[in-house]
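Let's start with one chain on its own, the form predicted alone, as structure tokens.
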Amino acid sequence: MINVIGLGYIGLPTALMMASHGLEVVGTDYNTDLVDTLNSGRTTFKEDGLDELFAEALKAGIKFTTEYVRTDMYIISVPTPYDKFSKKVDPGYVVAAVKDVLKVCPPDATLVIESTVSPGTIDKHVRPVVEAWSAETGNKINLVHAPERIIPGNMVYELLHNNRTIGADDKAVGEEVKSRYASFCQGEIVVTDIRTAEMTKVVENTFRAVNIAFANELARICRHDGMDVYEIIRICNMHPRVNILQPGPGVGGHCISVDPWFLVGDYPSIAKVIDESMKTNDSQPSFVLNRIHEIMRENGITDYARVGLYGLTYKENVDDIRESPTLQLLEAQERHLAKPLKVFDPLVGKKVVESQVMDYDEFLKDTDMVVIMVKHDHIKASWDRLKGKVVLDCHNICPLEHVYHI
């Protein structure tokens, strides 16, 4: 049996996937409301294919509880935030989960950490806890790191098809864990050491963050001198060895906007390119806020109440608002003591900010300017609703004439 600890955006799909492919699974989370929701037969967030996967897992006998269970394998998938001052990873949730596992696990159990951590985190923070437990009890536990590699909006497909990395102290233990993941994973599964597994996951997200920062900086350069960044990128990408990404209003989610900071925190005198890239991405919402002000002035719009932000999630077609550029923009606006712009998002069904409007018609009413922060399919199906309004398109998707860009 496998006990999956943490039933959020990563832990829940992982638990469901394993259960639906023949493994006995118990999912554990300290959040009583979350566990009650799952036990009532409902999922806790929206994701393509998740409800169907949930139904299959229920048929297979998956269970949900707030209690840790005694078994031979645990998968820890809890948050790993970073300290905004030191930029170092905060391993507190992982360490707390490990301590709770050690209260119930049998000797020779395997503890798999899926949470993304900086290289060396397991050696520095987890291993000492395990070694102290071993010295006290005379028992041994196997440590493994199997970083998740999926993205909201395509989780079910990527769980099935993405390659995986298993980092273990003992190759035989790594192969055993690999066999469990191979029950559903159709991609290649590489077995390596723990520190390498830690580093590869952080490097993957850092590579993407640096590339996004280049596109965002390029947009600022082009804006400064009145050039079309999208046309420039289109032509440059015709070169066989060039693949520039598209600029946007910022970077959100819990991977690209967070993980690269781990390297900056651990290697502050070395990770200079990463540091500057992250600063560029983090300042992009403020850049968009300045563009909003410029466009308002150009069009004689003096009241911020007549400007609306479309999109509250961190990316299109998901309900995940973690670290979203819109939230970052509203925070920047608040620092300037301005009244927050009104916001609408068709996928966010509950009010998460005071200025959020829950109805699209109400959002568009008395709105002179719409800022497209997220490229949901919803807005692509109704461009005619924006005719006659000033539009700032942060993604270069709006086909209407006379649209502004970042």
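We number the residues from 1 along the sequence you see. Because the structure is a prediction, the values reported are computed rather than measured.
Another form exists, predicted in complex with a small molecule; not displayed. Remarks below refer to it.
Next on the checklist: the small molecule is absent from this chain, but in the predicted bound form, do Thr28, Val78 and Tyr93 each have a non-hydrogen atom within 4.5 Å of it?
Outcome noted: Judged in the predicted bound form, Thr28, Val78 and Tyr93 all sit within 4.5 Å of the small molecule.
Next on the checklist: Looking at heavy atoms inside 4.5 Å, which stretch does the small molecule contact in the predicted bound form, given the options 110-118, 243-251, 273-281, 287-295?
Outcome noted: In short, 110-118.
Checklist entry - Using heavy atoms and a 4.5 Å limit, would one call Ile2 a contact residue for the small molecule in the predicted bound form? => result Heavy-atom contact with the small molecule at 4.5 Å: absent for Ile2.
Checklist entry - Wondering, does Ala197 line up within 4.5 Å of the small molecule in the predicted bound form on heavy atoms? => result The answer is no: Ala197 has no heavy atom within 4.5 Å of the small molecule.
Checklist entry - Hey, in the predicted bound form, does Leu347 get a heavy atom within 4.5 angstroms of the small molecule? => result Looking in the predicted bound form, residue contacts with the small molecule do not include Leu347, since no heavy atom lies within 4.5 Å.
Checklist entry - Taking heavy atoms and a 4.5 Å cut-off, does Tyr360 contact the small molecule in the predicted bound form? => result Heavy-atom contact with the small molecule at 4.5 Å: absent for Tyr360.
Next on the checklist: Between Ile150, Ala213, Leu263, Leu327, only one gets a heavy atom within 4.5 angstroms of the small molecule in the predicted bound form; which residue is that?
Outcome noted: So the residue touching the small molecule in the predicted bound form, by this definition, is Ile150.
Checklist entry - Pick from Leu50, Leu364, Leu34, Leu58: which residue has any heavy atom within 4.5 angstroms of the small molecule in the predicted bound form? => result The option sitting close enough to the partner is Leu34.
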